[in-house]
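Starting off, we have a lone chain in the form predicted on its own, written out as structure tokens.
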Amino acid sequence: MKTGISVFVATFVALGASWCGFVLAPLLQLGGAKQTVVLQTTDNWPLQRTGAATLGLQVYRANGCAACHTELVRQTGVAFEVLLTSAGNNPAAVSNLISNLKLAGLTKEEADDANAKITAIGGKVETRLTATGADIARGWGLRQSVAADYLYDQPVQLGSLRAGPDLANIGVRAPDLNWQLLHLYAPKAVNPNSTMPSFKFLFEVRKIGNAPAPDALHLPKEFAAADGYEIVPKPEAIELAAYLLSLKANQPLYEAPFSPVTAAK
């Protein structure tokens, strides 16, 4: 009897500790999370998804997209890059100096040293912070994904397999709605090497009326409908594409900083 009670108590404590560690602790840490602020701005992040994009998350979930895609950019570290913005009044000396300096993939100390050497002879530089890692090198994102990125996602579709590329920043990499729709209907029409299955059931093949529908797909001949017919997206296809376009984890945050590259004015 005593042994049975001891086993019960030990089991209860073990399960209770696990529940506290895996359920209660994350809830206390993230359950009351609110919008954060984009680094060096007053803009809030993330923005609430609206309309079709909100519905598109459910279409994404219902069609099992998380089985082949992740929405989680991984990062292994950060590096500094020193960029020359002006050679000042001594361009030859500055040019000769920077040709002998390593200006990318630097530590903070190395960046400060290069900065000091260039400015000492009249040059002007800008130091940028960049994220590093295999996902960053693939162009899948500018920084690691953090908890704030998923504030308005229910459920969060992190995924666990990358049969296809990560989608955390696909709205930046492929911002065209028509491209997204073409890719859903006929992946090989936009990427001949794609292994993604077609989502043709999200589209309708119908006869062309007096004029083609404004949202009819413009497909290469081998993927197009028969003469006199057109392919138009159903609402679910529009919603899924809108959700994909909303995936834009491209803002520097306190917990995931980087230096945005801005176009010269």
Partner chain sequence: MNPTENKTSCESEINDSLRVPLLALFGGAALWLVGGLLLGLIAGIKFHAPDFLGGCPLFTYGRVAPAANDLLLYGFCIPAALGVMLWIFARLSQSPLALPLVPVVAAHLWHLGVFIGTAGILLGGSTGHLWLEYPRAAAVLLFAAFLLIAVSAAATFGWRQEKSLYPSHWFLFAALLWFPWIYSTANLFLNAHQLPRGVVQPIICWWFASNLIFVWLGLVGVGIAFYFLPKFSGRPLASSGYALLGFLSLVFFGTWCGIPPGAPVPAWLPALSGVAALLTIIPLLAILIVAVKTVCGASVSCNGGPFCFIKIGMISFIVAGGLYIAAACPQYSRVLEFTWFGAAQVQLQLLGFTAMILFGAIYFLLPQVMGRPLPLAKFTKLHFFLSVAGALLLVVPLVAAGIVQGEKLADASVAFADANSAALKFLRISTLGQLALLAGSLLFAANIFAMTIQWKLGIARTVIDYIKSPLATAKTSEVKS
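Positions refer to the first chain, counted from 1. Because the structure is a prediction, the values reported are computed rather than measured.
What comes next is about the form predicted in complex with its partner chain, which does not appear here.
Screening 121, 97, 151, 79 for any heavy atom within 4.5 Å of its partner chain in the predicted complex leaves a single hit, 151. Only one of 116, 163, 92, 104 lies close to its partner chain in the predicted complex, with a heavy atom inside 4.5 Å, and it is 163. Shown alone, this chain has one stretch from 209 to 217, 39 to 47, 225 to 233, 192 to 200 that lies within 4.5 Å of its partner chain in the predicted complex by heavy atoms: 192 to 200.
For residue 72, a non-hydrogen atom is located within 4.5 Å of its partner chain in the predicted complex, even though that partner is not displayed.
Put simply, residue 171 is far from its partner chain in the predicted complex: not one heavy atom of it is within 4.5 Å. Using a 4.5 angstroms threshold between heavy atoms, residue 22 counts as touching its partner chain in the predicted complex. Its partner chain in the predicted complex is not approached by residue 55, whose heavy atoms all lie more than 4.5 angstroms from it. Taking its partner chain as positioned in the predicted complex, the residues of 133 to 152 that bring a heavy atom within 4.5 Å of it are, in sequence order, 134, 137, 138, 140, 145, 146, 147, 150, 151.
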